[in-house]
Ligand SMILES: NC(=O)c1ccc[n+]([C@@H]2O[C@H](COP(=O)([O-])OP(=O)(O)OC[C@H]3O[C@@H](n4cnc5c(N)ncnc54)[C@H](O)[C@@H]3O)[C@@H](O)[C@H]2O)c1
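Below, in structure tokens: the form predicted on its own, a single chain.
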Amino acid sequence: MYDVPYHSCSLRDKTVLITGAAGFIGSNIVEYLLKYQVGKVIVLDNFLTGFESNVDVFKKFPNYQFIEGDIRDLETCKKACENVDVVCHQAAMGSVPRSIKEPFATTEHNICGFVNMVSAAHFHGVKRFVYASSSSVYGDEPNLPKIEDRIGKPLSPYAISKLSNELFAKNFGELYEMEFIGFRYFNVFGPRQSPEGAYAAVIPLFAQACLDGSPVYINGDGGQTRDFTFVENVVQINIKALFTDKPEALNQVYNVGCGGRYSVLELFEGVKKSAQTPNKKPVFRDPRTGDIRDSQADISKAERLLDYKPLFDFMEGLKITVNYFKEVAKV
């Protein structure tokens, strides 16, 4: 992966802080930066939803530093932001169902933690702050594809927390003259995404179940659609945002997807094909509370202002992902 460089400037004099880097998306961003010889990567994570195995491989790099800590603690955030050039904030308590069950914890991590990180960055004079929002902020807005300026009522505490991040970023950008770029991710998937736990994402769950023979559960009728986005596309746009020199690209929120739309049943068929388990049958169960029916990203704004060009379509990314889980199963 990452055979194509997504940056045009030298990274050798850059120090990048990545929060939540023991997670799936964060660890992929770390991998890219180290491959292209960034000056230094500082990682902040508390392993609440991330895994040591995702970052242990980076310990061999002299320009890698790990800080075990919690973004809910302001002093920890300040320590992590010291001598940093740019912040890439991926840390969050994810999952719509988890937020419905644990709204207080979601608020603490996703809102208070976000404000702590921005405050710490401002304290140390860090101007560029790139952060993860979510396509869940579109809520009950029915139109497709989703356009950044047209959102509805959020349907979960998770969606509310991510929308609040965008509002804080807009306000802090004006108050503190900082440079914010937020990304509304659309169903990101790929290597290192965990199938473990009650709130695991659908693609690693399907992949593992097809490979180990356990049941594949589909919530609802499987007709719900998503813009599934391979993780390297997400890494690409984060890198471009961290180092862009375009003033018009700053203090904006962008959709990050591929612009396509596939049903969960089509996803299941794709996983079966890649896993070579053609006789696998799904088990249907009740829909999840707070889920939207259909989602698709309009990515024209990201293409125009950040030169975003998704290089991996859904089926190509799915094949890479299932092959990754095959290799993991052999270990």
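None of these values were measured; they are calculated from a predicted model. Note that residue numbering begins at 1 and tracks the sequence as displayed.
There is another form of this protein, the form predicted together with this ligand, and it is not shown here; the text below is about that form.
- Between this ligand and the residues 287, 69, 39, 282, the one pair within 4.5 Å by heavy atoms in the model of the complex involves 69.
- In terms of contact with this ligand in the model of the complex, the residue from 230, 129, 158, 206 that brings a heavy atom within 4.5 Å is 158.
- Residues placing heavy atoms within 4.5 Å of this ligand in the model of the complex fall in a single listed stretch, namely 39-47, out of 265-273, 39-47, 294-302, 56-64.
- Of the heavy atoms in residue 109, some are within 4.5 Å of this ligand in the model of the complex.
- For residue 138, no non-hydrogen atom is located within 4.5 Å of this ligand in the model of the complex, even though that partner is not displayed.
- In the model of the complex, this ligand lies farther than 4.5 Å from every heavy atom of residue 317.
- Though the partner is left out of this view, residue 17 does not reach within 4.5 Å of this ligand in the model of the complex, counting heavy atoms only.
- For the stretch 172-189, the set of residues having any non-hydrogen atom within 4.5 angstroms of this ligand in the model of the complex comprises 185, 187, 188, in sequence order.
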